[in-house]
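To begin, one chain is listed below as structure tokens, in the form predicted on its own.
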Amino acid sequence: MRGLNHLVTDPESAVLKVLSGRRKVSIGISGFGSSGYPKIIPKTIAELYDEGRLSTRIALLTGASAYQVDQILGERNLVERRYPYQYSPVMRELINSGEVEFYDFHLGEWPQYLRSGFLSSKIGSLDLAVIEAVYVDEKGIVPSMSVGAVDAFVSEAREVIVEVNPDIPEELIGVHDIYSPGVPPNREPIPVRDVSDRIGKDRLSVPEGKIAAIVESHGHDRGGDVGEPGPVERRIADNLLGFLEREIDEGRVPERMLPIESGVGTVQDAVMSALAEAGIRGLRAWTEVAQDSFYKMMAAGEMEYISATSLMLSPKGREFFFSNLRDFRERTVLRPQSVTNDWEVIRRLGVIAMNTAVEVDIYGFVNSTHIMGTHVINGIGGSGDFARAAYMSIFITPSTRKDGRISCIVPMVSHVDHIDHDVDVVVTEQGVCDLRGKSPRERAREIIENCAHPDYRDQLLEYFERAIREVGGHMPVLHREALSWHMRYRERGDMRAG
């Protein structure tokens, strides 16, 4: 903290200095994938509220999820607006009950959206940025385990509080590559031509006088322990691996695999493990979040380089990462989400994108955010950024959920996040459907035959054939029946007919 010692204070003083007497405030915090979020300032805000010394209502902005912050502030109903992604049972319930206004948005566009003033009618200007850091001095802030949207928050906020966390090794300095592409008409092309390219600085620049306080915090991120994959997840992974191997054999994917993007979860972890077990070497990741499996593969010589905006590691994975940090840091870069999720860069690098669906319909439309079309789960995240721009866009889902009572292959999705034009491949434990170059009617038959569970195949085929007979058209739909499966589940708790 060279040159900034006069700003060092305790958390209570820092919060009261900025928020005392404020009835409403907008706060942008670090954190992406429940990694790199501030540990002490949100807790202090909650404690001061409990003591009656704060009555602030908050518009809370993050890069993506910040689980513990959402839980702490949500339990006290301190948040009135939330942007643009969350992963908290408490916050989810508040959003779905209408108590918190939630705006879901593509994460790659989010920093520019904020910088362009598009939120000014709802939150005014950004009052405060709270950033977890490894180190801070007069040259800038070195973020911790994620970057996300911190560059935009620091740029736009009136004041900044920095949480320096000594539990995170300073050897992390040098991993970050902070580059902000700017806002039209002054936005510049992002000069990334390879996953390993570094184009920015190792820290966030902060205008003189903007840092209001520096506090010390302790503790580690909640982590990303996704659990062991079960038989369904392993079959999905095997099916996807078989498909990718055929693509390589037939020359549509080069032998040196194109960079991969993988969403978060048990299925994706199983996919990464399957790639490792298959002996596919020279892998590179251009992704949002790096999980444990990425560094297991790196240690085994199967992963060459990782570019991400967040390290979402389990406690065991974090210990492994820190114990090998000198090696891993040379092959890891953490960038702002405005770079990792940029469509131009994703397209240029030829990223193969693999993301999870809640449900897929017979024409290839994907719902990735809402249960039964009404209740948000987390948000669209970066899946839309990658699906639209990827060399190949793959969506993964089990064929059923809830012990077979819900089919994940349906006549029509109850909420559309990804249109059919952005979906190339669908994979379930039943099989793979390659949708490229196929008409809607061809897609429907292949999705039903290859991806639907046998318990639902006849139902889907009967619906599709009646739609052809009774309505016809390029994309036959029986509008009175298209969502009847969802209605049946709401009424009876089972999508199956009979």
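As the structure is a computational prediction, the values presented were derived from the model and not from experiment. Residue numbers run from 1 along the displayed sequence.
Below, we refer to the form predicted in complex with a further copy of the same chain, which is not included among the displayed structures.
In the predicted complex, a further copy of the same chain lies farther than 4.5 Å from every heavy atom of Ile260. Although the partner is absent from this view, Ala389 contacts a further copy of the same chain in the predicted complex, with a non-hydrogen atom inside 4.5 angstroms. The shortest heavy atom separation between Glu302 and a further copy of the same chain in the predicted complex exceeds 4.5 Å. a further copy of the same chain is not shown here, and in the predicted complex it never comes within 4.5 Å of any heavy atom of Arg405. The stretch from 397 to 405, 321 to 329, 367 to 375, 157 to 165 that comes within 4.5 Å of a further copy of the same chain in the predicted complex, counting heavy atoms only, is 367 to 375. Screening Arg203, Arg222, His106, Arg235 for any heavy atom within 4.5 Å of a further copy of the same chain in the predicted complex leaves a single hit, His106. Proximity to a further copy of the same chain in the predicted complex, defined as a heavy atom within 4.5 Å, holds among Ser414, Ser217, Thr356, Ser314 only for Ser414. Scanning 77 to 113 for heavy atoms within 4.5 Å of a further copy of the same chain in the predicted complex gives Arg81, Tyr83, Ile95, Asn96, Ser97, Gly98, Glu101, Phe102, Tyr103, Asp104, Phe105, His106, Glu109, Gln112, Tyr113 in sequence order.
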